[in-house]
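Only one chain comes next, encoded as structure tokens, the form predicted on its own.
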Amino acid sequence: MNGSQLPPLLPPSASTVSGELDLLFAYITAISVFFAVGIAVALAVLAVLYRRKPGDGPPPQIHGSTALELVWTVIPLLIVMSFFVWGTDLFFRMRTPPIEPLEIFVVGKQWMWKIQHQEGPREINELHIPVGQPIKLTMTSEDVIHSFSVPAFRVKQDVLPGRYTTMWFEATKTGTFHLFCTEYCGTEHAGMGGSIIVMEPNEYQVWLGGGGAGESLTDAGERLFGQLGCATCHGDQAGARGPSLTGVYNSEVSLAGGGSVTADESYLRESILEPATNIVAGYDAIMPTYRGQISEEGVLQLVAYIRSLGDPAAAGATGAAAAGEAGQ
């Protein structure tokens, strides 16, 4: 950049929501500047025009105007409500990922980002993604609070120890974009950054398959499931000491003592690390905790494997349908 160029006021706009978010920001800023300047000018003009001059008596009393009161109440209300309605609509769209996004898992750690793709590749402080495809990140921290921020995509989400948080975005431009941690996390916080590399879909597939991707996240979870002996209790046979995990993901699980909970990623993580918190109805609290025995990456692998276990009834129906088609 030479001396005649000024730095841009905003980072590049490179996601499906960044343009509308910038427009909302510009709208709120313009309205704020309009009223700030208008009020300041009105105060200055009125102070000069209606200042008390020598010989002036007490000014006449003004008893108000209902029409004027309504105008300066209703107009600001409509303006503020436009902020609220537009901002709320955009917020919910930013917080609700599309159906079947590309899912990637992220673990924050002082002072790096560890990233795991479903297909197997792992990255540190870099994230390769395809352009034009929704990306959903499931994130957690190994130590303190971090914050995953990509200014060019206008997205930011706190990454918390002990729980999962999610965010999604869809890149609209190829290129390399900055990744920052925007929550102070220790002495090397300023160096906890990285890059988002957005690629054409065919280039992404080449990258995904190159360099020896290794076992997928689901395969790694299956291997860890076997190493920990989880199948000893969590089998599909009658009389098993623990509940079956087949088809449990995103189902409603009845709890001992009443109530139920949705078996999402957070519930599965809690069941691995704090198994006595929510006991499944009909089972005893005999599962040991694995806190301190497996890493956050290991927990993500187990969760990915449990998610992959389909509903046996659905699998049976699919198999029957396939057999019927083969017999025709």
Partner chain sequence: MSEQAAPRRRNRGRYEGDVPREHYLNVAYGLKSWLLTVDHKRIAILYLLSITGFFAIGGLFAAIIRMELMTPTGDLMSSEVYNRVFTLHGVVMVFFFLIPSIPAVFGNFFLPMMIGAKDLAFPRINLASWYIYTIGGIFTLAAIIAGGVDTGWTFYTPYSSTYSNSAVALTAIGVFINGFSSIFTGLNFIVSIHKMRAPGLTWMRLPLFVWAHYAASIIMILGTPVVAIAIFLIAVERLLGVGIFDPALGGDPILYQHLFWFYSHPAVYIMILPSMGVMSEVIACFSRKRIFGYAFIAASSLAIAVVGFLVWGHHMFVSGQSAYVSMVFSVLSMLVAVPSAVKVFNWLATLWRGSISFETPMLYAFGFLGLFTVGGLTGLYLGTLATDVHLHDSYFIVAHFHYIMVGGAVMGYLAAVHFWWPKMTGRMYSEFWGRLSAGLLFIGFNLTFFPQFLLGYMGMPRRYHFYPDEWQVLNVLSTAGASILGIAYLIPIIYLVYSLRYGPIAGPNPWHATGLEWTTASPPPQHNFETTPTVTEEPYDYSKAIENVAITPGAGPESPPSPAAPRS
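Numbering follows the first chain given and starts at 1. Since this is a predicted model, take the numbers as computed values, not measurements.
Note that the form predicted together with the partner chain isn't included here; everything after this is about it.
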{"property": "Stretch in contact in the model of the complex with the partner chain, which is absent here, among 41-49, 298-306, 260-268, 277-285 (heavy atoms within 4.5 Å)", "result": "41-49"}
{"property": "Of 136, 241, 122, 163, the one that lies within 4.5 Å of the partner chain in the model of the complex (heavy atoms)", "result": "163"}
{"property": "Partner proximity in the model of the complex: residue 154 to the partner chain, non-hydrogen atom cutoff 4.5 Å", "result": "yes"}
{"property": "Partner contact for residue 183 in the model of the complex: the partner chain, 4.5 angstroms, heavy atom", "result": "yes"}
{"property": "Residue 191: touches the partner chain in the model of the complex, heavy atom cutoff 4.5 angstroms", "result": "yes"}
{"property": "Distance check, residue 310 to the partner chain in the model of the complex, heavy atom within 4.5 Å", "result": "no"}
{"property": "4.5 Å heavy atom contact with the partner chain in the model of the complex for all of 203, 225 and 289", "result": "no"}
{"property": "Sequence-ordered residues of 45-69 touching the partner chain in the model of the complex, heavy atom within 4.5 Å", "result": "46, 47, 50, 51, 52, 56, 58, 59, 60, 61, 62, 63, 64, 65, 66, 68, 69"}
